[in-house]
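Both blocks below hold the same protein chain, though in two forms, and each is given as structure tokens: structure 1 and structure 2.
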Structure 1
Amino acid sequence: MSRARSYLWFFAKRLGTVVFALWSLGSLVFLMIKVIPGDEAQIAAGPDASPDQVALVRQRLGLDASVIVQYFRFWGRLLHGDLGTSITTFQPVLLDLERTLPSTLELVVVAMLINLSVSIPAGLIAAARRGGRTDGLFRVLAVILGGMPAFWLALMLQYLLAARYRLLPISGQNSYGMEPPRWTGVPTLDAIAAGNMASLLDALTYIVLPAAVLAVLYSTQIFRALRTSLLGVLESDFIMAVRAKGATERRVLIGHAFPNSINPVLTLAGTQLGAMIGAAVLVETVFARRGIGTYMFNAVAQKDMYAVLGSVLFIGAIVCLINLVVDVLQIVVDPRIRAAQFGRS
């Protein structure tokens, strides 16, 4: 098979996997919602609605049809780009997601930046000073921080850094009157688009603490994975050869060992991005931020079927996309994987 065809086949397989994963996810969530007790029509009609009113709403929402019919209707609409209408907000779910998702993505991206910018240097330092005091300190810190419940940590940091010492804002996304005109729904980007430096600085102060809280748990995982991977690579024969050539320890570590240790970090970071979107709900609740986590939590609590399905599929699609990007990055970064996938060039 030619190299071009190999690449095409690789992407076709990956795309097929994504479609299958999303279909499975959607079907599973649909069935789970139907199995969970609770009547969507009753919720939409209100707690004091009479049986006649509930019946009217059930008919209007198409809930009087069999589950199979509802299932195919859902996928039929989805193929036309319609995720349905929320029974609680009365908005197209796509519009609800457009309002809530950007804020969560901003939180997750900033958290990931903090995560990587802390865990990678820490992993490098710990591996370089294996068995030393710094390594020991970092490992103990990783155990302590990794074991902390995110909710508790969020409340503690919020109390200490924001409420007590007033170093950062306590909750929200902007100060009163500092919200930039909405363009993307991401306060920092919107502030940049509006050319409003004050608004940008304001939005950044609001995101630092929630993003740091979200990053903490995940950075300990990346730290451990990188340290372990680096220690393995540093013991390998080619590193001995590099040292024999007279390379400095700094060059050995950053120039040779690190690129060869990055694969587990890439895989883990990819997985973490998806997990962070799910975990964002806790941080969003404590810091009173809008986001898809809070939206989905409400949707589940109120059995808002299309809102739940839409959120899950959207997050699923993002996770699939991230996995695809990670796969491609691994192929680009690691010649061993490239050779295994497409043969030697």
Structure 2
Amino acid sequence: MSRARSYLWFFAKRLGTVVFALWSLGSLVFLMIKVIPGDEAQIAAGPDASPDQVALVRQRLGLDASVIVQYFRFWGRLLHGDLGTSITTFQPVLLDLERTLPSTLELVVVAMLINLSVSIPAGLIAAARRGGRTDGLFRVLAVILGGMPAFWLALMLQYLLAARYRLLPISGQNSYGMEPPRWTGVPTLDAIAAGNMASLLDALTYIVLPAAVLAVLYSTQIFRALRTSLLGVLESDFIMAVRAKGATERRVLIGHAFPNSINPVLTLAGTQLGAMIGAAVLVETVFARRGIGTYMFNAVAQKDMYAVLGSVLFIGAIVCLINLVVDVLQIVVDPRIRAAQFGRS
């Protein structure tokens, strides 16, 4: 098989996996929504609606058809880019997701920056002092922080830093009267666009706690991966040759070992970026941020079927897309993976 055909076959398999994953995810969530107790038509019509009004809403939403018919109608609309209409906001689900996605992306990006800015220096220090007290301390902290439930950590930080010592806001995205004019939907970028530094600082204080909680969930993984990779490289022959030439340990670590150890970290960070979007559901709910997570939580509570399905598929599509990009980047930048995948370098 030629190189071009090998690449095409690789991409085709990955795309097929993405399609199958999204179909399985959507089908599973559709089934779960249907078995949850409650009447979507009654919820949409309101608690005081008459039986005739409920029947009219059920017919308008297509809920009077069988489950099989509803299932195929949903996928038929989806293929045309229609995620349905929310029974709580009465807006197209896609429009709701477009309004809430920027806030979630802001949270994920800030959390990833905190993640990398903490885990990479910690991994470098631990590898440089392997076997010492600092290395042992960092490893113990990684085990402790990595085992903390996200909701417990969020509540503890809210209590200590927000409720008790009042260092940061306890929840929300902006203080009253400080929200900048909406342009992108990202509070920090909107504040910068408006030239309002007070609003920017206000938005940053609100994002610190939720981003820190989200970062802690994944920073221990980056730390362990980088430390393990660095230790392997530091014991390699070419590092011994660099040391023999008189290079300092700092230059050996940062100038030679770190660049050759970063590939597993980049791969893991790309995978984490997609996982963070899913984890944001819990974090946004605890901190009352107006993102996809809060939107999805409210949709589940209201049994808003199309909003739940649209949110899950939207998040799933982003995660699958990021994983696909990571797979492609691995093939492009690492000749060892390329050789293993295609049988040649």
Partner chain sequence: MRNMLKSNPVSFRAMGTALCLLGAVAVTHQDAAAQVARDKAILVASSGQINTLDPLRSDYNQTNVPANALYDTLVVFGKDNNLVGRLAESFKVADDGKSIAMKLRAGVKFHDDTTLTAKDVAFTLDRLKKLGVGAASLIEGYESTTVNGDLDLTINLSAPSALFLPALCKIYIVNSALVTANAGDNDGQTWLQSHDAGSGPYTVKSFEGQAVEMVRFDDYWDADPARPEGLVLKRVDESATKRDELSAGNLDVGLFLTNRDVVALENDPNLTASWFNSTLQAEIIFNTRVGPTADPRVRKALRLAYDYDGGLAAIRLGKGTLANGALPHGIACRPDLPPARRNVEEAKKLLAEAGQTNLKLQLSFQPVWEQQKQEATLFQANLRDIGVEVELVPIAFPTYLASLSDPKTIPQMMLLEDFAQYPDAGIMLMKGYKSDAIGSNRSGYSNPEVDKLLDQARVTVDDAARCDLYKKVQEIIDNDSVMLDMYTLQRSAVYRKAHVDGVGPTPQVTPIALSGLRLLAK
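C-alpha atoms forming the largest set that superposes within 1.5 Å between two forms make up the rigid core. The structure displayed is predicted, hence computed values, not measured ones. When a residue number appears, read it as a position in the sequence of structure 1, where counting begins at 1.
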**Message:** These are two forms of one chain. I'd like to know which is the form predicted alone.
**Reply:** 2
**Message:** Considering only the rigid-body turn between structures 1 and 2, which single choice in R290, V312, D135, A194 is at the hinge?
**Reply:** R290
**Item:** Turn angle in ° for the smaller rigid piece between structures 1 and 2
**Value:** 17
**Item:** Rigid-core-superposed Cα shift at F10 between structures 1 and 2, Å
**Value:** 8.8
**Prompt:** Upon rigid core superposition, what is the positional shift of the Cα of A317 between structures 1 and 2, expressed in Å to one decimal?
**Reply:** 4.5
